[in-house]
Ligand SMILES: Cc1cc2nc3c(=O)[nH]c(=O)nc-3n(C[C@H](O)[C@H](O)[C@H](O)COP(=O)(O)OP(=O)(O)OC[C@H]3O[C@@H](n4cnc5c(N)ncnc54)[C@H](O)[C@@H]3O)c2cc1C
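A single chain comes next, written as structure tokens; it is the form predicted alone.
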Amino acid sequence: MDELDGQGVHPLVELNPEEAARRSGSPVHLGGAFETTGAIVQPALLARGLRRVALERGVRIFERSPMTQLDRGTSSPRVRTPAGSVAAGRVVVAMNAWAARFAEVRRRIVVVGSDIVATERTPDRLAAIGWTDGLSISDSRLLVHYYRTTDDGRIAFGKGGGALGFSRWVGSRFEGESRRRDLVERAFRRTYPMLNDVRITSSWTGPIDRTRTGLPFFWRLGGRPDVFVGVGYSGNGVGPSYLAGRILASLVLGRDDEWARCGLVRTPAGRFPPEPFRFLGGHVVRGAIARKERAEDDGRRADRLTKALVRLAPAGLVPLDQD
């Protein structure tokens, strides 16, 4: 922040409890920081828009053709699919959590789920509590709560720290309806008790590719000059993916510019423990975080063992996207 202040950039405005309550429509916040340069997007509309522009520029897109294998034992990498294979001069692996299938990536990320519920349309109730400006919110707990309104007057409310992936497998637990719907709904009801009669109409879940630092990384997979990977967005990928596109384009094209020399182009620092210790330890630490946060919500102090276990969690363990 001091460096930003020195550049005359002031992206954060501190909010006292009264102002935080007024802006969010919720009485539970102890304070807040308003990010003046922030914005929200609808990721599905963004993806469809990018698809349209790519097609207009002559890019060929092959949907419903999942990669089953990436052959790296030949002079040129080859992508295999159920219907055939493609040899390529350059390959970019941009698979988010699914990049855990590669051994070079697996120890650098941990796959953790995030779960969201959405309410029925209730624009009149949003107007009554003053949440009408499209403000998106995330709190500072490790098992983060993140929430926003939609254009048609709903609330989408999410909670991090869901299912943990094991080894290379990202399966059905990270797809479809949330198995933690009741837990997420309870968090929503606590945050907005005045909306207890507003119905939850849907839920969903998805995987996050979390690094130890919370920052993504970009580098040559296995040291090859023709296979590049971008992974580790840690739940904050919608905005940084624009930067990622610039970085990956420069790496693929062999440029020596500010993007190719960006600090995020590196062999990722730090490793998570091997399996099964990562999976088992993750459950222990996640359980401790949940106990600590429940105690704080109830105005109690967590016990010493719980606090010690919480300190094993990497900073910013869970996602913050407002998707």
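Just so we're clear, the structure is a prediction, and the values are computed from it rather than from any experiment. Residues carry their position along the shown sequence, with the first being 1.
One more form of this protein exists, namely the form predicted in complex with this ligand; it is left out here, but the text below deals with it.
Distance criterion of 4.5 Å from any heavy atom to this ligand in the predicted complex singles out W98 from the list F217, F188, W98, W131. Listed residues N236, S203, T122, T150 were compared with this ligand in the predicted complex; N236 is the one with a heavy atom within 4.5 Å. Across the options 262 to 270, 286 to 294, 51 to 59, 64 to 72, residues that bring heavy atoms within 4.5 Å of this ligand in the predicted complex belong to 64 to 72. Annotated contacts: V110, L164 and S178 are all free of this ligand in the predicted complex [non-hydrogen atom within 4.5 angstroms].
Taking the partner from the other structure, this ligand in the predicted complex has no heavy atom within 4.5 Å of any heavy atom of V252. Looking at Y192, you'd find every heavy atom of it more than 4.5 angstroms from this ligand in the predicted complex. Taking the partner from the other structure, this ligand in the predicted complex has a heavy atom within 4.5 Å of a heavy atom of A94. Although the partner is absent here, F228 lies well away from this ligand in the predicted complex, with no heavy atom inside 4.5 Å.
Along 148 to 175, no residue reaches a heavy atom to within 4.5 Å of this ligand in the predicted complex.
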